[in-house]
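First, one chain by itself: the form predicted on its own, in structure tokens.
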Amino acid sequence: MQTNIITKIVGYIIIIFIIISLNFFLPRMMPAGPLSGLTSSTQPVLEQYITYIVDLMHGDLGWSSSKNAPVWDVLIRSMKWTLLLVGSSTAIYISLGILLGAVSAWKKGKKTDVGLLILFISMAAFPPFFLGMLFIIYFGWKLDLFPRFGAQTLYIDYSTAFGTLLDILHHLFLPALTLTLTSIGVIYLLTRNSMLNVLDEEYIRTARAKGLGEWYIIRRHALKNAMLPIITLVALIAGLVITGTIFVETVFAYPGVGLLVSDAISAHDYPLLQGAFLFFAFAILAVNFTADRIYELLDPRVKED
């Protein structure tokens, strides 16, 4: 057990080192051009690399030419919006995907199962930017129910914190709905397939024979054992969700880190682009670390390996 923990810690340290190194060396391996400002130093590359590491340890990610501010300050202002969008939509699509996948498996072959399958397979076919544009056109322009861009209404001073919260949630609804609907299908399908495998097990038939309630059997027996592959998948698709976040924030002009990536590419602001890359890379790493911990809680045997 102790050896397993040490191995994982060493593994994460190596991954962090690789991420930071790639963030430094990749721009300097590209042909001269827009990146020449990053490589114009007369210092040897090794000295530049050491300076880069030291600066990172002090929170210095460089200067954003398009925002005319330190990259770290620019990222900090945008992180809260991305964390709000990704955090809320992730909580929703994981919870609903697991719940509806379990229901679909329990109702296999019935109208509920067929309807959910058609719905989520159809949703998975829509790219995030396309579904987002449809929502803007219909709910934003035609029905005028939700804001079409931004995270808050500009130039309005709300008298209460509750008013500010409602305004933020009002702006959040369509971007979060877009990200949720384009991500939920994978969780739903895996939960359904995992549950179908578990429901054929002998202990499920025994629980039914004892007269236990259907929902109790799903919650206490079937779903718990079907969760392991789901947790693994959540970690694996983190990168795809982040890619979707970039598109969603760009379509809705939602002021998160994803929109910063789009702006940085347009403005050739490579220090800002590097900073955003680090943010997303460490976010994916954090998701995988959390998934590892949850996996251990669900399956104690992992700790004993």
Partner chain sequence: MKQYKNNKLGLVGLGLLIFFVLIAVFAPYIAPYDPHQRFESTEHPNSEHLLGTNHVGQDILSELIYGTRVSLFITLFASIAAVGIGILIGLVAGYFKRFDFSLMRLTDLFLTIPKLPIIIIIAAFMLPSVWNLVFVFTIFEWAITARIIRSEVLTLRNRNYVDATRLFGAKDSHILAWHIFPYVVPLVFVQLVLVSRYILLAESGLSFIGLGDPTAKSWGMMLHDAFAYPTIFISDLWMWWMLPAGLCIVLTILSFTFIGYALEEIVNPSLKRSPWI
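Computed from a prediction, not measured in an experiment: that's the story for all the values here. Residue numbers count along the first chain shown, from 1. The term rigid core refers to the most C-alpha atoms you can superpose between the two forms while keeping them within 1.5 Å.
The protein also exists as the form predicted in complex with its partner chain; that form is not presented, and the subsequent description refers to it.
Considering its partner chain in the predicted complex, the lone stretch of 121-129, 78-86, 169-177, 227-235 in range is 121-129 [heavy atom distance within 4.5 Å]. Using a 4.5 angstroms limit between non-hydrogen atoms, Phe277 touches its partner chain in the predicted complex. Among heavy atoms of Arg205, none comes within 4.5 Å of its partner chain in the predicted complex. Using a 4.5 angstroms threshold between heavy atoms, Ile92 stays clear of its partner chain in the predicted complex. Although the partner is absent from this view, Ile9 stays clear of its partner chain in the predicted complex, with no non-hydrogen atom inside 4.5 angstroms. Of the residues Ala69, Ile50, Leu56, Leu26, just one reaches its partner chain in the predicted complex with a heavy atom at 4.5 Å or closer; this is Leu26.
Counting a residue when any of its non-hydrogen atoms is within 4.5 Å of its partner chain in the predicted complex, the hits in 247-271 run Phe247, Thr250, Val251, Val261, Ser262, Ile265, Tyr270. For Gly239, a C-alpha deviation of 2 angstroms or more is recorded between the shown form and the other one after rigid-core alignment. After superposition on the rigid core, the Cα atom of Leu172 is displaced by less than 2 Å between the shown form and the other one. After superposition on the rigid core, the Cα atom of Asp73 is displaced by less than 2 Å between the shown form and the other one.
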